[in-house]
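A single chain, nothing else alongside it, follows as structure tokens in the form predicted alone.
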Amino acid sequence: MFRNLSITLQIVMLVALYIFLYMPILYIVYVSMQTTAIWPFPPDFTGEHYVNLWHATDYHTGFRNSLIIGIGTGMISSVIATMAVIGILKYRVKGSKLIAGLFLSPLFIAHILIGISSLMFNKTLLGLPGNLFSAIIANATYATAFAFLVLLAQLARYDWRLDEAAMVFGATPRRTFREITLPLVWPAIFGAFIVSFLLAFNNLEISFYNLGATPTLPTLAWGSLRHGISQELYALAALINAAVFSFLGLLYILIRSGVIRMDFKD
């Protein structure tokens, strides 16, 4: 009896958790297809807001800029984090814990401080104006910490004796990395890239201070709030959420089918 009651309670708590997490997303998708956002009941479905979003060229430009920032940040963060994690775990030099702490320190700094300090550093010392490149560099400062954390969790289970064995049989360090290490750890690197991409793509504070008048999706959405939330924003949020969940679903299928492996065993 008590066991059945415990299972029932666990199911209720799990359902409540999913409702708490995903009901706002489902509500946004629902409102994006309604004629009005003010108490949209009973439902009156329409696709007009998606049509208006398609014809809004500002959002096209913002999406392109956000995509560029996300891809650039993901590439820089994943490469730097990969080199750092391999250096720390493989060679275990003195002071490696301190180095790891320095890589993780941006996790505890507010976005607005990173944005302002990056703006002043890029403008004063590097002479970089507010543009996409400076926004990518600023976002990479923050995203590298998350990429480092993802790779550290995955590569901590990697058997570095595989690399040593390859070098014993005459492989150079470059060839060892290309033919032994990279084929085994690329899913972790890909995961770090995805996390960094999403952080930069959706970031407002860091990008805002380093872009000037260059629009991105978050800055356009924030700027439009002065005039109230338009239902085009609901449509935009619904499309972004649909893309993210579709990608996660595809990734899950690839992992389950064995195309992508998250372990380092033969």
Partner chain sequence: MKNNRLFFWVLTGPGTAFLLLFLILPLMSIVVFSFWRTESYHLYADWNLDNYRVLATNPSYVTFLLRSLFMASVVSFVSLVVAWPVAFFITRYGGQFKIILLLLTSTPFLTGEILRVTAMQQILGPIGLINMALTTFGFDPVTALMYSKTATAIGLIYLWLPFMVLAIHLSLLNFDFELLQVAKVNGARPLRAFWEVTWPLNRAGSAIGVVLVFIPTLASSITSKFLGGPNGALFGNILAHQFGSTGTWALGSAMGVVLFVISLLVLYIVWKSIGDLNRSGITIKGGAE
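We call the rigid core whatever largest set of C-alpha positions still superposes within 1.5 Å between the two forms. Numbering follows the first chain given and starts at 1. On a predicted model such as this, the values are computed, not experimentally measured, just so you know.
Keep in mind that the form predicted together with its partner chain is missing from the display, and what follows is about it.
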_Contact of Tyr59 with its partner chain in the predicted complex (heavy atom, 4.5 Å)_ = no
*Is Pro106 close enough to touch its partner chain in the predicted complex, meaning at least one heavy atom pair within 4.5 Å?*
yes
*Do Gly87 and its partner chain share at least one heavy atom pair within 4.5 Å in the predicted complex?*
yes
*Does the 4.5 Å heavy atom contact test between Leu233 and its partner chain in the predicted complex come out positive?*
yes
*Taking heavy atoms and a 4.5 Å limit, what residues of 205-238 are near its partner chain in the predicted complex?*
Glu205, Tyr209, Pro218, Ala221, Trp222, Leu225, Ile229, Leu233, Tyr234, Ala237
_Leu113: Cα shift of 2 Å or greater between this form and the one not shown (core-aligned)_ = no
_Core fit, then Ala171 C-alpha moves 2 Å or more between this form and the one not shown_ = yes
*Core-aligned CA displacement of Ala213 at least 2 Å between this form and the one not shown*: no
*Did Tyr18 and Val195 drift closer or farther in the predicted complex, going by a CA distance change of 3 angstroms or more?*
closer
_Having a change of 3 Å or more in the C-alpha distance between Met75 and Leu125, I'd like to know whether it is closer or farther in the predicted complex than in the form here._
farther
